[in-house]
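In the form predicted alone, a lone chain appears below as structure tokens.
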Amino acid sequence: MWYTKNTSEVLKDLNVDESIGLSTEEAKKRIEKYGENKLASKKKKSIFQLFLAQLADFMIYILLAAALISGIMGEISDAIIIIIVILVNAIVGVVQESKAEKALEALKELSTPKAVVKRNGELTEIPSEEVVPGDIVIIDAGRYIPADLRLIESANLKMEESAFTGESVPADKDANVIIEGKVGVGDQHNMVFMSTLATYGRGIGVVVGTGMDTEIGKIAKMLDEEVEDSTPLQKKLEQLGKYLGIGSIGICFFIFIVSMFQKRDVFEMLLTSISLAVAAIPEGLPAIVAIVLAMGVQRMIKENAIIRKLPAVETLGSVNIICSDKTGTLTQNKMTVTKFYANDKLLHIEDLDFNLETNKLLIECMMLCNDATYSESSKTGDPTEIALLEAGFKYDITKDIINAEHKRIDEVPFDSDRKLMSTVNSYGQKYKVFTKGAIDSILKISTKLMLNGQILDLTENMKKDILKAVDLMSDDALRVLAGAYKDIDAPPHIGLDEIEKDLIFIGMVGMIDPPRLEVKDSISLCKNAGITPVMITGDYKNTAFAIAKELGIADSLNQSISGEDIDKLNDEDFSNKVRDLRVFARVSPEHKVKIVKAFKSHGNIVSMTGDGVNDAPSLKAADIGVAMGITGTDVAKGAADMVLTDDNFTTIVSAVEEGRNIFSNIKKSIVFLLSCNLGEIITLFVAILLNWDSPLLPIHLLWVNLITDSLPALALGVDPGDKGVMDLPPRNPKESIFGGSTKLMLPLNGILIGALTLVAFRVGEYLYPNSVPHARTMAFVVLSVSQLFYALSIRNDRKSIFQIGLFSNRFLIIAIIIGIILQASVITITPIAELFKVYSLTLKDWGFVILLSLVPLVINELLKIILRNKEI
């Protein structure tokens, strides 16, 4: 029981030095001994199990019954064809499902939480799976714990352990406590556990349990859950499939009843009705949607966007407001101190005279009251704090040296409400309290000021001079941090109010984080696409506006508002005002939620970025929550729908573009499948109503369904992105997938395909009056090949196939060629032709059926010309 031992015993038992951590070689040995630090996952389905799952479908059962009846009735060829169709459909389904599964597995690997550990004496960030017993792990607020740890150092550390204890209040942790006897998890105050969350303070712990040997691992052994992740679109399509199934079965039953009155062959019409029902339902559609979404997610990963929740892919296409953090997302996140203010002077950092006491104290304050680390080979921590350490490094002062000289005795961690951080450091026999933070927060708790080495009372006039300097720095888009101190005789170990009280103002530093070079073009692309970019930052209004104006987000200071002004407005007034705002400065995480709700109240689809623990509510409130992959806390990543691996605004815009294209491709596949299936229904329905010979046999319907519902539909689903998709306004999420021109084009093309098939059949009967099979062959070819050619025109509802590039989707061209070759093979290869009861066509026949098959493509292209001319 690790909690009963002191830290020295624990480190000795685990054979690790706290200051150095494990070596790379030792870590490799331990991962081989203990295994990867992950919970055992549910056993994956085998290929055979996936194959059986494809057969577990009501329509497949009907087909199997049809095959059995055919075999009993002596129609062996029909039975064989039906079985082949079932097997090919199942194989395609298995391939698609396994691809989707692999894509999602890759996604899980990329979204694995990171852990900061000490290896070879240096801090390094590694995937949590690589953590081993004996690793020294750094804990800070907002980070999930990667394994079970025995604390060896803690400072005001609080942990969210409700998963174990049921307590909603975070638990206090103390590394120095030693517990006697056996106690429950909730009473182990010197331990922290895998998957729990640090909500406050910081700490260092040594790993004592990984993977299934952790407390959460014990719970995992008792659970075996599988979460099904269907998107709203997939659910709608499942519902659509049910309606189509009911409607198709109704039509087929009607056809069967009519054919009985017409005294047709009962068995043949039964098979025809069943085949038509199967052909009419796009049973491959859910699988196609799943694979298109999964492949889209994989493409986004390559573009530095990890989609954690599949519904986000659909929602991305509707986003019309992007609320983005400034630092690191719109800017380079490479903070550099450029100016400082001390001794009533605002100077460039290069002019800082380190021999002056005030200047020296300002640098010491910024470096000691700091949790970052900095060396020439390694940087960890907040970019702002790293910039402060870099400034000191220019004067040959390193964090390690100054920390050794002035050891940290106590601290009060930074939080977003106070906007302050304080430390207590030893100075010989006495101590200094150092506090750094926002200038307004520092001035509230400062009563004196250091000027040229003298301590003076801080007057209102002095405050005005300080604030003038702040405005000058803000006008240059500099971020301002102020420092203050006080001397004390002994370590306080007292409350926050006593530490951050009656301080002496030292000075300020100004730093800049320049805009990312590519962001300006992305902002312009957003506006062109009907998307409004919005900046949210903790900086001052002037600083924020300066960057926003440079990027093209805002044109006037009137489009900016501060958190203080937001607090003065009630929800209704703020909601009315928010339409004209583009920059939100000095905001807290609570303000972010208010901003999201205000934009959403006008029917907008809002994307919101965040990286901190307190950003989780706003990320959840937004339609698309976007977490920062580099600077973001595990809490933010857990609450987000999307994680940016490069923390770049341009990646959000690229993801929106990808989301629009994915939805567009899914829509193409749906419309293509439904148009084709409608054509098949119309063909048989009209022929039977008019008491003609059946233009198609059951195996013909199944075959056409096979060659059109698989490769061409999938090729449309992976159609290259339309370069003009960002010239269109965002999609209305409430609009039906069959909205716009689709509600006209879908039935029109269904009727067209059906009519052309009937024309081919009647012409065949006219040319070959004594050979119904010959006429059926012509109808069979037109039904299949017209659908394949139609796939070309459906790629874009405005641009012609030549504008988008006839060969730009090579997968579709290959799918069409394969479809035509297979169709020709069925007719020309004698043994197969006999199975399908078809005749070999003459060159004249081929010319006629190909011309008929091209009609849907030609008519769709002509309609596009008419639509384009109307728009002009």
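These numbers were taken from a predicted model, which means no experiment stands behind them. Sequential numbering from 1, following the sequence displayed.
This next part talks about the form predicted in complex with ligand ATP, which is not shown.
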Mind telling me which stretch in 184-192, 208-216, 380-388, 676-684 gets its heavy atoms within 4.5 Å of ligand ATP in the predicted bound form? 380-388
Are any of the heavy atoms in residue 343 no more than 4.5 Å from a heavy atom of ligand ATP in the predicted bound form? no
Residue-level contact is defined here as any heavy atom of the residue lying within 4.5 Å of ligand ATP in the predicted bound form; does residue 123 satisfy this criterion? no
So, residue 327 and ligand ATP: in the predicted bound form, are they within 4.5 Å at any heavy atom pair? yes
Would you please decide whether residue 547 lies within 4.5 angstroms of ligand ATP in the predicted bound form, comparing each non-hydrogen atom pair? no
Looking at 306, 175, 255, 481, which has any heavy atom no more than 4.5 Å from ligand ATP in the predicted bound form? 481
May I ask you to choose, among 118, 637, 399, 586, the residue with a heavy atom within 4.5 Å of ligand ATP in the predicted bound form? 586
Taking only heavy atoms into account, state which residues of 387-419 are within 4.5 Å of ligand ATP in the predicted bound form, ordered by sequence. 414, 416, 419
